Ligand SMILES: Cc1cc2nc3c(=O)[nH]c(=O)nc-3n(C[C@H](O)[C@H](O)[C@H](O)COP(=O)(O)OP(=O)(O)OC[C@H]3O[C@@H](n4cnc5c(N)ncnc54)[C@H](O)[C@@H]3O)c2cc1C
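Presented as structure tokens, the chain that follows is alone, the form predicted on its own.
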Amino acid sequence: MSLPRIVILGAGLGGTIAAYEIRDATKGRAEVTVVSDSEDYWFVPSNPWVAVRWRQADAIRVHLPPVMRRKGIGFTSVGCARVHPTENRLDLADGSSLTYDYLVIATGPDLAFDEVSGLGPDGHTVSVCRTDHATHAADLFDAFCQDPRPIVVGAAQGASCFGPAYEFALILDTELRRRKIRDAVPMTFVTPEPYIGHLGLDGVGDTKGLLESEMRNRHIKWVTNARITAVEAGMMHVEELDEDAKVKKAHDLPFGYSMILPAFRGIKAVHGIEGLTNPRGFILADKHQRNPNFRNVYSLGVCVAIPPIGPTPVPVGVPKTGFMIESMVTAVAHNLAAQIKGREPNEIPSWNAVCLADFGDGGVAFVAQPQLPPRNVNWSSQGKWVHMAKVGFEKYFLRKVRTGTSEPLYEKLALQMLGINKLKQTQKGEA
């Protein structure tokens, strides 16, 4: 009798560690296969460093096929063209098909640059969403430093990942001061958030006060409730809305260099599948990370549909941070192991959040338990230790991916920062 096949779609932060945890949790009772569109894993949190050459791209890369072989995990990098959940089948990009008994969708997002005219690496702004984007951004930054002009950094309407935007703005400030040209570069931060430090989470601890103070100290102006209407070469057109979502002020922001994070949506392989996704293409999931309509399909990471915390004048999404994703991974692994044994899933991810926003010469850290308020832990802090913590975390997480361990590193990081004994990754719930 053949073993049940578990297919994991995606090999980013969530999909890679999910493969390891699922393999360990099922203990040889299932065949585990990863489908990716690349043979390499990239440590995306370090992309802002790549964009100013504090890291080279190869330093944050892990070649996955050898690791997967050592772990006894099947792997293909041909990519997925379409998911067929009613048939338990994937169409792969090379024209072949792959069947599954259980599917874990961990694709990450499609980057919706096209939703704002002129946005993105094919337009007039750079990106740190992917490592190849960050490498391109570094080339343009080197050229910019020969002819310094204004900089605009931030996020577009509908964005849900704000930490890297703050991080990159303040890393740029640090690097420009090191190059002794900061005085020639006015900087503006543009964000759909209703206030600085909202982060799609309605703030964590005093992120509002901490980040506003950092921006003021570094002479970075900001526009909140911002809707980018178009980007032209050297000029960004922005509408600032009031609390009633009416245009309060129009801004024409000149720039010589700009990094804007886009809104996210589901990838084309899953977009528009009734019962599987919401209108943006994000995967519907119940409290056990299982799709409510296709009971053998799970999802984790950025591709999961999570409603915003509340209405805002400009659309703002909810981020899926590393610790939150790690808790999803652990829940999915245990729930799949239970299903294979004929039991119903009963693990619920805790959705805790841990974030280190490095500024090169300092930084801001926060822990939210759970990620969505009201919270049991609502903590933030700042200092030079944040930079060192992120350097150390990059090292240990890359080691985790290279060795194929399922050690919960985000939990360890949270415990060290808070000085407490335990943060739950998952909790028991009714099936």
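Counting begins at 1, following the sequence as shown. It should be emphasised that the depicted structure is a prediction, and the values quoted were computed from it without experimental measurement.
There is another form of the same protein, the form predicted together with the named molecule; it is not shown, and what comes next is about it.
J.: Verify the contact flag for residue 367: yes if a non-hydrogen atom of it lies within 4.5 Å of a non-hydrogen atom of the named molecule in the predicted bound form, no if not.
T.: Answer no; every heavy atom of residue 367 is more than 4.5 Å from the named molecule in the predicted bound form.
J.: Might residue 13 be said to contact the named molecule in the predicted bound form, defining contact as any heavy atom within 4.5 Å?
T.: Judged by the heavy-atom cut-off of 4.5 Å, residue 13 is in contact with the named molecule in the predicted bound form.
J.: Contact with the named molecule in the predicted bound form for residue 9, defined as at least one heavy atom pair within 4.5 Å: yes or no?
T.: Because a heavy atom of residue 9 falls inside 4.5 Å of the named molecule in the predicted bound form, the answer is yes.
J.: Although the partner isn't part of this model, could you tell me whether residue 355 comes within 4.5 Å of the named molecule in the predicted bound form, counting any heavy atom of the residue?
T.: Close contact exists here: in the predicted bound form, residue 355 approaches the named molecule to within 4.5 Å, heavy atoms only.
J.: Would you mind picking out the stretch of 150 to 158, 191 to 199, 355 to 363, 115 to 123 that comes within 4.5 angstroms of the named molecule in the predicted bound form, counting non-hydrogen atoms?
T.: Comparing against the named molecule in the predicted bound form, the contact stretch is 355 to 363.
J.: Give me the residue from 204, 231, 80, 318 that has a heavy atom within 4.5 Å of the named molecule in the predicted bound form.
T.: None of the others qualify; the residue that does is 80.
J.: Would you mind picking the one in 171, 137, 297, 267 that has a heavy atom within 4.5 Å of the named molecule in the predicted bound form?
T.: Spelling it out, the residue with a heavy atom inside the cut-off is 267.
J.: Since the partner is left out here, which residues of 358 to 391 would have a heavy atom within 4.5 Å of the named molecule in the predicted bound form?
T.: Contacts from 358 to 391: just 390.
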